[in-house]
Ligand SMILES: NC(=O)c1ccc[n+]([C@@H]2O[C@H](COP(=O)([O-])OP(=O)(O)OC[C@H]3O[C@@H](n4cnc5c(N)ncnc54)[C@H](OP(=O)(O)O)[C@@H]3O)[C@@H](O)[C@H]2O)c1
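Only one chain comes next, encoded as structure tokens, the form predicted alone.
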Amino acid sequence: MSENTQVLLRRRPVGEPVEADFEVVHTPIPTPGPGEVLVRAHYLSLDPYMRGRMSDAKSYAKSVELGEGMEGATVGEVVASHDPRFAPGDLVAGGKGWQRFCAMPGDALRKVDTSIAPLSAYTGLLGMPGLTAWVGLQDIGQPKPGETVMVSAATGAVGQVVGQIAKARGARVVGIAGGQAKCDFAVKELGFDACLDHRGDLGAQLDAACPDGVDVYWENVGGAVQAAVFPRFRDFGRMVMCGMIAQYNTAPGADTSGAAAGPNLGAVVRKRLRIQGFIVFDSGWQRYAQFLAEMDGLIRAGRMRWKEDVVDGLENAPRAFIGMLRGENFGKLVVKV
């Protein structure tokens, strides 16, 4: 192949992104410099955090500039290398961008072991989403045997790993997902104790599934789901603030009053709750070897399952990304480049 394919950010979305906010272009394949490696992407990870990178609002990471390639993590194959640690044919994680080829410093890449899981799993289960689940539970959630752990977006890239790690540590796990098919998957395939459909009467379902309340709530969604879960915290409960996807497409100046704005936080003092946000990039990658060792053990013991929603073709990434923000994906969303 003699050219690269990239997806650029053409304009900043107002509210929900549309396909016209993106542009697919063909450019020359980059040439790796000293210490760099040319990687051909096989899979691109699509994740909710990317919506924030499309905005010019100040955040924990730099926004994508207009006309630049979209931010995203890839896994793929080394094509050429100016780093003695890598050779053509090596499978690696750490590629960058919505593009077929990228030139990366060798220090940014790591070889992957496909005897543990297929290459695509390193975009999700064994990539940033899986590491996010592990770090958030280790540092904030800290589930104890017998406690009840609630997970929103239970069948998504992060949620499905959170629930299974919590189960492995002896907790009772209840998921929240959109639709019966996702709820059935969470229980029958992922091993959750129960899963609630947020499209129904969530409050009544929560009371039935968690009559004694919730000890740990893993927050991926926010909005009305968070408002329903919050009053059901037990004393000394912990809320792991990982994402607020219900609010990512909120346009500037939009009315966020009512349930969509979240719960009244007065109970934080009365119940001695811990609410903490985190970014996996702060310290997570330094502990990747420990994370991988635990996940390897769970996979080999048959205690870790995962589901991927694979979209074929880089040119279809914008449409898939928009659908993900609407909750249309089922499992970790991956583009087969």
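Because the structure is predicted, anything quoted here is derived from the model rather than measured. Note that residue numbering follows the sequence shown and begins at 1.
Keep in mind the form predicted in complex with the named molecule is missing from the figure; the text below concerns it.
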Q) Each of P30, R100 and P105 near the named molecule in the model of the complex, meaning some heavy atom within 4.5 Å? A) no
From N220, S120, Q164, T148: within 4.5 Å of the named molecule in the model of the complex by heavy atoms is N220
The listed residue (R169, R232, H198, R172) that reaches within 4.5 Å of the named molecule in the model of the complex by any heavy atom is H198
- Message: Since only the chain is shown here, I'm wondering whether G237 would be in contact with the named molecule in the model of the complex (any heavy atom pair within 4.5 Å).
- Response: no
Partner contact for V280 in the model of the complex: the named molecule, 4.5 angstroms, heavy atom = yes
Worksheet item: Using 4.5 Å between non-hydrogen atoms, is G156 touching the named molecule in the model of the complex?
Response: yes
Query raised in the report: Is E36 close enough to touch the named molecule in the model of the complex, meaning at least one heavy atom pair within 4.5 Å?
Result: no
Of 64-72, 297-305, 265-273, 45-53, the segment with heavy atoms within 4.5 Å of the named molecule in the model of the complex is residues 45-53
Near the named molecule in the model of the complex, with a heavy atom at 4.5 Å or closer, the residues from 308-328 are M324, L325, R326, G327
